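In what follows, one protein chain appears twice in different forms, each by itself as structure tokens: structure 1 and structure 2.
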Structure 1
């Protein structure tokens, strides 16, 4: 992926922003324990920092109701600090993660029995892009940024607009969004995010070897990817979510003014207020009649 022409990047320095799915409703119903998942992710993050002394890692916890920065490798308190024999990467991240999960559980809202609420992916992507924009302004040669989404919960159609806005913002800033999806099915949102931003979408076939997949697929910096044969997505689900019922649809109605998508025909766009079809003709006829 080519870098943005308006910015100078350090090719050998990476800024990896990781969005970590902590949805308790998903992990309690998933066959792979969250503790095993987290242990392999921590080993992967540690390997990123070991690959280069100047590499930076930021971790954003994604819950059902909120998001929060839980680890920043550039923070002064994370440089060489230890608690007993535990490095700062593990101790500080785990401590902040425990606090976040407890707080997010308090914000939980009731949901239908037998359903798994979606994680707030749109919020974590927005936070990641804000952090990257701050890194862009840190100096003439900021590290090469990329986002890695470690997601397990299913897509939330109600977040479609916010997620697409984040995807196009990342594309405009030449920030690739890599996606490692561990859920049962594929994620249409993450497939589109990786495709549009020239990132990598991958669904590990065996979660027991998750660290191996993370280190071989997602550890490479943007400069090195041009020399490697990385996995390519076999297909992308480009289906959109309607603005009226927040459901994923195959066919629908599109407003010609603001491009809002609806699963049913409406006389008027609920987004911009434009009048459609026969309703517009009837309104024009009524207006002419009043003027006459």
Structure 2
């Protein structure tokens, strides 16, 4: 952690915004059941609240068709009223989550069978950042915020620009994005998010012990992180993929108007329609000038 927050934060008080992937298409095809996942996450959230009396936890459900706040530890509703034997946290969160999943299903749009549609990570990240801005506005000593993405479904390439926008905004306000990726392959989006915002990216090798991973890696506040040896990023691939063949490339051509990336020379930009008349000519002229 090299981030030096310029803002003054309340001592040791964390605001943890968790985005929870509830994509039904992912969980039905995944080997680890959602119920087990949720029970471990709930225990983790509870331990965050127990670690500090003033800690705050927000949970945003990332669905396949919508996103919503499902739990707010500061709201009055979550204290006192307990239904039956369950503590308030569980009952409220589970109740809201139930409602959310049902609503999400209603909104479902048809998709190609056999593929897993991506979750709307860009939406939940945007909502989390809006909420964190509210926390910044709340007073002279806001709690120190961070975002934890519990993501399972694969990246949706159509969200690339939106997720990058959210990442840069988080970097600008020095909010680290931690990510715990449950799915089978590494998520390039979350790797970049954690790398750029100085957060931690971790992919637990064994999901049975998820709580242990969460509590040892993600539970500590930002100040204590400096003293821990947390998992290092394995090296993030910042190479771009070209728009024409979707190949990862080392060297390529970039349109000066719309910044589209191509792996070979074209006469016309397929994205913005600009015509590259004198591209080669100018490039060689520039090269010659440089040599001279």
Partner chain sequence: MGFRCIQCGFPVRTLYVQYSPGNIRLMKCESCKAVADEYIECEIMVPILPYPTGPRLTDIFSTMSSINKQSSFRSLILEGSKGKLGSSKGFSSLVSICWKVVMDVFFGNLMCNDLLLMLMISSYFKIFLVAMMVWEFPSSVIVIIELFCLSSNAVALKEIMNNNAAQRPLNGDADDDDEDDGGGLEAWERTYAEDRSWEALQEDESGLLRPIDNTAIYHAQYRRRLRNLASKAATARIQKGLIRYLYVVVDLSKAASERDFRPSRMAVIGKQVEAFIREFFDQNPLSHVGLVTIKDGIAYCLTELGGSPESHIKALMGKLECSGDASLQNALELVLGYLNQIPSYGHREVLVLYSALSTCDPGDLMETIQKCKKSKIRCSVIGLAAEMFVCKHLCQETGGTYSVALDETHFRELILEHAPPPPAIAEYASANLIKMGFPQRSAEGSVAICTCHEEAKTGGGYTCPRCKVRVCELPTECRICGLTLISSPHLARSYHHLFPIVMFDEVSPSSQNDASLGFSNTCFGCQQSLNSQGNKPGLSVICPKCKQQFCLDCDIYIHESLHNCPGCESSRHLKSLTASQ
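Numbering follows the first chain given and starts at 1. If you superpose the two forms and keep the largest set of C-alpha atoms that fall within 1.5 Å, you have the rigid core. For clarity, every value in this text was computed on a predicted model and none was experimentally measured.
Return 1 or 2 according to which structure is the form predicted alone. Answer to the question: structure 1 is the form predicted alone, whereas structure 2 comes from elsewhere.
Where the core is superposed, what shift in Å does the CA of residue 269 undergo between the two structures? Once the two forms are fitted on their core, the shift reads 5.5 Å.
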